[in-house]
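Presented below, as structure tokens, is a lone chain in the form predicted alone.
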Amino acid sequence: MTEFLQQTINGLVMGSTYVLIALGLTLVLGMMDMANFAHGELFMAGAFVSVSVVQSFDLPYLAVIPISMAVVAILGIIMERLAFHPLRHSARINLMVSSLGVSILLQNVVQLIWGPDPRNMQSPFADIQLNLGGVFINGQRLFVVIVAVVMIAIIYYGIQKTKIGVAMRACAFDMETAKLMGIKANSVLFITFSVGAALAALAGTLMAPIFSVYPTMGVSATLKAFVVVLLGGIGNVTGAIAGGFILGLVETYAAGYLSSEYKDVFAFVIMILVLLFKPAGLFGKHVQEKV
């Protein structure tokens, strides 16, 4: 039982990270109907910005988090303006290719600036060990879960209850009708990209003290985010939250009880099964396309 609780806590940590990354991706997917393959590179950029700020300016870890989120939010806005906005009315394949190009560009720029070697980051929470009846919880991992839950609550409330959230949902439902109703779609897209990028940067900063930071770490993050989005249903925020935690728990249980070498395989097995038996996702609704 103790081992099961230990694995559950580890799964919630990974799930929290997946949710933060996937929320931005699902918002963009729902609104622009495009797959942004460069979204994981925002996660990577957030981690590198945090490591660099700490090493260069010796700032406290908690002070680095908002700096990283702000810098990567600006990067997300630049990405949207230069790589996606000019192609918004073109074929979806053009947007996908553009996002792949941005992904490769960011990986190479980061490697040029920081080099290919992995980097590590210190956190004041990493040395804290809590023992709850034989279940050990590292302070940094507990911090990841707490911050993620708070941010998920803020984002969910913002999307459901605020004016900008209503505008985002309206644009995701029907962009052209939303424009006719007076919603400034460009501004909504602007905000959506910046929020998604900031969440990815937050995930990168939270995970930097736990895992090494390297230029290609965003590739795996992008793939996992797509699994979460497909699992929960494209454009479904609630589904992305549930899908992230499901994926984190399944991966951790698989690594703990079977083999850590195959934990990534289970993510893609889940994705294939969902696509085969419930292509709209566990929480998505099938929408019949108009002819």
Partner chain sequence: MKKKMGSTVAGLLLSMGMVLTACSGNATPGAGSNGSSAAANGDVIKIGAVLPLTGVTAYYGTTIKQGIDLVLDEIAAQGGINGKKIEVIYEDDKGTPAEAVNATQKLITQDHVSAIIGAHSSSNTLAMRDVTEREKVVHMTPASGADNITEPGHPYMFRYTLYNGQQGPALARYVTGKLNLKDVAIVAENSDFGRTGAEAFKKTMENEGLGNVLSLEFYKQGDKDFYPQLTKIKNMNPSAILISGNITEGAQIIKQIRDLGMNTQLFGFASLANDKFIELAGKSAKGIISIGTFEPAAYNYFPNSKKMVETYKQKYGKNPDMQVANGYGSMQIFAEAIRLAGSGDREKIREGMKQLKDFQGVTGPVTFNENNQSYQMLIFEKLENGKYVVIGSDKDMK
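Remember, predicted model here, so these are calculated numbers, not experimental data. Whichever C-alpha set is largest while still superposing within 1.5 Å between the two forms counts as the rigid core. Positions refer to the first chain, counted from 1.
If you look for the form predicted together with its partner chain, you will not find it shown, but the lines that follow are about it.
Novice: Determine which one of 59-67, 238-246, 28-36, 45-53 lies within 4.5 Å of its partner chain in the predicted bound form, judging by heavy atom distances; exactly one does.
Specialist: Looking at the other structure, the answer is 28-36.
Novice: Which pick from 164, 151, 219, 87 sits with a heavy atom within 4.5 Å of its partner chain in the predicted bound form?
Specialist: Residue within 4.5 Å of the partner: 219.
Novice: State the residue from 73, 102, 144, 172 whose non-hydrogen atoms include one within 4.5 Å of its partner chain in the predicted bound form.
Specialist: None of the other options qualify; the answer is 172.
Novice: Please tell me whether any heavy atom belonging to residue 273 falls inside 4.5 Å of a heavy atom of its partner chain, as the geometry stands in the predicted bound form.
Specialist: No, no contact at 4.5 Å.
Novice: Could you confirm whether residue 191 comes within 4.5 Å of its partner chain in the predicted bound form, counting heavy atoms only?
Specialist: No - in the predicted bound form, heavy atoms of residue 191 and its partner chain never come within 4.5 Å of each other.
Novice: Wondering, does residue 160 line up within 4.5 Å of its partner chain in the predicted bound form on heavy atoms?
Specialist: Heavy-atom contact with its partner chain at 4.5 Å: absent for residue 160.
Novice: So in the predicted bound form, does any heavy atom of residue 177 sit within 4.5 Å of its partner chain?
Specialist: Answer no; every heavy atom of residue 177 is more than 4.5 Å from its partner chain in the predicted bound form.
Novice: Taking only heavy atoms into account, state which residues of 103-139 are within 4.5 Å of its partner chain in the predicted bound form, ordered by sequence.
Specialist: The stretch touches the partner through 111, 116, 117, 118, 119, 120, 127, 129, 134, 136, 138.
Novice: Note yes or no: does the Cα of residue 238 move by 2 Å or more between this form and the one not shown after the core is superposed?
Specialist: No; residue 238 is a residue whose C-alpha shifts by less than 2 Å between this form and the one not shown when the cores are overlaid.
Novice: After a core superposition, would you say residue 55 shifts its C-alpha by at least 2 Å between this form and the one not shown?
Specialist: After core superposition, the displacement of the residue 55 C-alpha between this form and the one not shown stays below 2 Å, so no.
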